[in-house]
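Okay, so here's just one chain, in C-alpha cells, the form predicted on its own.
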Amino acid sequence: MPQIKDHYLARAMKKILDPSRVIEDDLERTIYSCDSSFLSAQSRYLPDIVLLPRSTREVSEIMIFAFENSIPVTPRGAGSGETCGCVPAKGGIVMDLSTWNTVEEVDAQNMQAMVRPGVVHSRLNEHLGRFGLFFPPDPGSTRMCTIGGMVANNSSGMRAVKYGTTEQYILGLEVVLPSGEIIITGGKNCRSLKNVSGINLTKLFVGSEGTLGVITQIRLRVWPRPRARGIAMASFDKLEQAPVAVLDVYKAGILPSGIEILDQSAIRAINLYRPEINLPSCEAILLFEVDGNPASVHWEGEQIAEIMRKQPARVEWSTDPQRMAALWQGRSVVAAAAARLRPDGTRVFAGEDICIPLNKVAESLRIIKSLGEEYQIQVVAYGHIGDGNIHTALVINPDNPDEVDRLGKLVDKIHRLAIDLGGTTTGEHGVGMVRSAYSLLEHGNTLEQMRIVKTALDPKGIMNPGKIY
C-alpha cells in the first residue's frame, strides 16, 4: 500500500477531527501497537496515526480519505483481544472507538437498546439494570471489553450455554463501509425483534473482526434480568467423569446458564494464588450456574446435585450470595493464577481458545497435558465445558528463546488437534493474525468465498489488513 507522509496525514485528519483527538506522539502510538496476545508482544505493529472519532460523520470522512489514498484502517475497542485482531499489521490509521461510549437509548417496551461501539460491557448492564433488563453474553473481560469489540469478534463467554453468543442479540448495525458509505442493516427504521427481509447483512458484519467496515452503532436485544441464581460445585477424581456429568445434566432436560471446568493444574494454581478458596484436590471441578425464577432455580440446583452424586462426585449447592461469590471466585482468578505454578514464568495468550465436540473434551485435555510434558511447558486448562470451549493458559519464560520456540510448536499442535478432533481453532476470541494460518485447513475452499465477500466490500483491502484471510 502506498505510504503517505505522516505530517500530511495528520494535517488532513485535523481537518476532520479536533486536534486533541489526533494522536501523533511516538510513545502514545506505541500503546496501540499491541493487544493481549503473545504475538504482539514479540513483534510490535506501530500505526502511523491514531484517531478518536465520536460521530458517524467523522468516521465516514476518515474512511473516504483513507479509501481515496489506499491507507489501511484498523478499528479498535479496548485492545483486550488475544489474537492481534486490533493491531495495525500494515501501519496506517488506528481508529480508537473506545471513547465513543454512549448508550443512545434503552427501548424497554421493545426489549432493545441502541449503543455506540465504545460502551463497556459491565457498564451497559449496570445501565440496563435500571430497567430490569440485561445483555446476556458475558465475556470474562466484562469490565474492559467494549460492545463494538464483542460484535466484531462475536464474543460469548461463561454463559453462552444458555444464552448463546453475541450474534444472537444483534438486531441491526450502523456501519461505515471502506468507501465511506453509511449503511444500516436490519431495516433502517426497524424496531421489531424479528426480521427476515432480505439477505442478513447484520450477521455478515458480526464476527468479521473489522475487516469489512467500521461499526458505529449497534441495535441489540436485551432480556429481563433473572430474579434468582444458584451455583453447584462438583469435584471428580477422574477427569473423564466430568464431561459425562455434563451430558447427564443435558439429558435430564436442564440447561444451566453456565458450566465451567477446572482441571488439576488449574485447581492447584488457584489454591496457590488464593489459599483461602481451598478448592478440593482432584482431577476436575465443574461449576454449574442456574438462573431464573426462585422456584425453578431451587429445583434445577437440587436435580444437578443429585445427578452429580451418581458419578460419583462430591457436590455443593448454594443460593447464598456470599457463598456463590466464593465458589465462583476460583473460576474468575484462574487466568491470573496460572503463572503461580512457575515462579519465573509468565502466562501468555497463544493457542488459548480451541472449541471441540463435547464427547471429546476429556480426550483433548489428556492430549494437551501430554503435549505440554513433551515440550516441557506448563499448561493450565479450564474453560466453558458446556459448549466445548477449552482455554489453555501456557506459562513460559518469554526471555528464553528456546522456550519461545517450543511454545510455538506446542501452540501449533494444539490448534491442529482441535481441527483433527472435529472442532475449531477459536470458540470466541477470533482469528486475527494468530490463527489465520489455519483458516485454509479449517475451512477449505470456503475460505475463497470469504475472500470474495471481503473484496466486494473492500476492493482496495484497506480494512484491518492481514487478519483472518
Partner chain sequence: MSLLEDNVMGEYLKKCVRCGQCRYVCPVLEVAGKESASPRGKVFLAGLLQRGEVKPGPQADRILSLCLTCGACAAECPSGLPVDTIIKSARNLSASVHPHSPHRIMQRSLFSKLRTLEKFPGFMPLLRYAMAREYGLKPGSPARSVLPVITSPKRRKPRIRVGYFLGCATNYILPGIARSVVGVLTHLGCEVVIPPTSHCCGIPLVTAGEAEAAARLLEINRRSFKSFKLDAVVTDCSSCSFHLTDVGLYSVNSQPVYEFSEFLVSALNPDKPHGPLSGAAVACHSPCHFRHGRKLSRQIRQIIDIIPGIKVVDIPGGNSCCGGGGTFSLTHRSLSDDILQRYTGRIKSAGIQKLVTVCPSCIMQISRGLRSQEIPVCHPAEMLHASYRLPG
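The shown structure was predicted, so the numbers you read here are calculated from the model rather than taken from an experiment. Take the two forms, find the largest set of C-alpha atoms that superpose within 1.5 Å, and that set is the rigid core. Residue numbers count along the first chain shown, from 1.
Below, we refer to the form predicted together with its partner chain, which is not included among the displayed structures.
Trainee: Please state whether all three residues 44, 96 and 349 have a non-hydrogen atom within 4.5 angstroms of its partner chain in the predicted complex.
Mentor: Yes: each residue has a heavy atom within 4.5 Å of the partner.
Trainee: Answer for residue 25 alone: is it within 4.5 Å of its partner chain in the predicted complex, judged on heavy atom distances?
Mentor: Looking in the predicted complex, residue contacts with its partner chain include residue 25, since a heavy atom lies within 4.5 Å.
Trainee: Looking in the predicted complex, any heavy atom of residue 424 within 4.5 Å of its partner chain?
Mentor: Residue 424: no contact with its partner chain in the predicted complex.
Trainee: Is there any non-hydrogen atom of residue 228 lying within 4.5 Å of its partner chain in the predicted complex?
Mentor: No.
Trainee: With heavy atoms only and a cut-off of 4.5 Å, decide whether residue 398 touches its partner chain in the predicted complex.
Mentor: Residue 398: yes, in contact with its partner chain in the predicted complex.
Trainee: Could you tell me which of 149-157, 379-387, 239-247, 70-78 sits within 4.5 Å of its partner chain in the predicted complex, going by non-hydrogen atoms?
Mentor: In short, 70-78.
Trainee: Considering its partner chain in the predicted complex, which of 133, 339, 282, 307 comes within 4.5 Å of it through any heavy atom?
Mentor: If I apply the 4.5 Å criterion carefully, the residue I get is 339.
Trainee: Only one of 373, 126, 320, 276 gets a heavy atom within 4.5 Å of its partner chain in the predicted complex. Which one?
Mentor: The residue in contact is 126.
Trainee: Which residues, if any, of 21-52 lie within 4.5 Å of its partner chain in the predicted complex when only heavy atoms count?
Mentor: Counting only heavy atoms within 4.5 Å of its partner chain in the predicted complex, the contacting residues of 21-52 are 23, 25, 26, 27, 28, 30, 31, 32, 33, 34, 35, 36, 37, 38, 40, 41, 44, 52.
Trainee: Any chance the CA of residue 116 moves 2 angstroms or more between the shown form and the other one, core superposed?
Mentor: Shift at residue 116: below 2 Å after core fit.
Trainee: Taking the rigid core as the superposition reference, indicate whether the CA of residue 322 shifts 2 angstroms or more between the shown form and the other one.
Mentor: For residue 322, whose C-alpha is compared between the shown form and the other one after core superposition, the shift is 2 Å or more.
Trainee: Establish whether a shift of 2 Å or more occurs at the C-alpha of residue 396 between the shown form and the other one, with the two forms superposed on the rigid core.
Mentor: After core superposition, the displacement of the residue 396 C-alpha between the shown form and the other one stays below 2 Å, so no.
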